[in-house]
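Let's start with one chain on its own, the form predicted on its own, as structure tokens.
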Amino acid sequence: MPRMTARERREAYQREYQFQKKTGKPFFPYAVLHDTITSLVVVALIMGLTILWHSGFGPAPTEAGGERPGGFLGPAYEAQADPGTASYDPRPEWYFFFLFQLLRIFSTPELLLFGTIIVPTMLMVLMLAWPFLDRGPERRVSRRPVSMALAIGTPIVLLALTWSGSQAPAVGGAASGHAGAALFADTGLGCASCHTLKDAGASGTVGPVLDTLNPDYKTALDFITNGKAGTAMQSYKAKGATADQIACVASYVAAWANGGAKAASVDQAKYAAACKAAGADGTTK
């Protein structure tokens, strides 16, 4: 399709404008009527959802600070927050799950700024700037591969990140009562935020899947103690973890990764003693 000159574009616009003036519908009352109907539909929908939400409310709590349950649209209000709790698992609202997942992917301190600020800012700037960058007259989908790739790829990536963020495992707790599981899931060490280990209920995506890697005790102890150059795996000894904490987590990983396939590499007496000394014996209360 040949490019039109500025004069040709102006003349084509004037012809289209004059045609629409003669044959089109006036703004009032047609556009005003459409906007009014649309606004009424939106208001009616909000009111209907509000009534439906209210109809599912349970009885008001008798104790101060209690929760009032609701239907599938959510509770009337939740229980009063306890600032002293050690088991609360903080989660963002669903529309921030994509950022939550980025925070999990770029979990090391060196990459936090890149994952949570730089990447989202670059995407927003690209979306705002794209209409000014892509100024070609062609509007056929088949002849705009870059624009279509961005238009289709962006929501797919956002939906994938949102879904992954919504499925992130809880932190601060373990899926089992095995010795060392709670320490593995502890946010201070950060093992569960990087690695996947079924027994601990961890599904991190930064480091290797421990159920697949299936390290023995010596390998796990070496990596946890010294880290691994060129990867996100840091030395937990350098981070301040005690010898008992390191031995406990290494024993736990070797004992329970891949269903305990290499549990024989673990000295069970030393395993129990290290976890007890670390305050993470894992006894289920």
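Sequential numbering from 1, following the sequence displayed. Every value quoted in this text rests on a predicted model; they were computed, and no experiment measured them.
One more form of this protein should be noted, the form predicted in complex with ligand HEC, which is absent from this view; the next part is about it.
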- Note on the structure: Assert contact_stretch over 51-59, 37-45, 218-226, 66-74 against ligand HEC in the predicted bound form, heavy atom within 4.5 Å, equals 218-226
- Proximity of residue 232 to ligand HEC in the predicted bound form, heavy atoms at 4.5 Å: yes
- Would residue 161 sit within 4.5 Å of ligand HEC in the predicted bound form, counting heavy atoms only? no
- Query: Quick one: is residue 208 in contact with ligand HEC in the predicted bound form, heavy atoms, 4.5 Å cut-off?
  - Reply: yes
- Message: My question is simply whether residue 255 lines the interface with ligand HEC in the predicted bound form - judged by any non-hydrogen atom within 4.5 Å.
- Response: no
- Message: 184, 189 and 195 - do all three of these have some heavy atom no more than 4.5 Å from ligand HEC in the predicted bound form?
- Response: yes
- Item | Among the candidates 105, 213, 119, 111, the residue which, in the predicted bound form, approaches ligand HEC to within 4.5 Å (heavy atoms) | 213
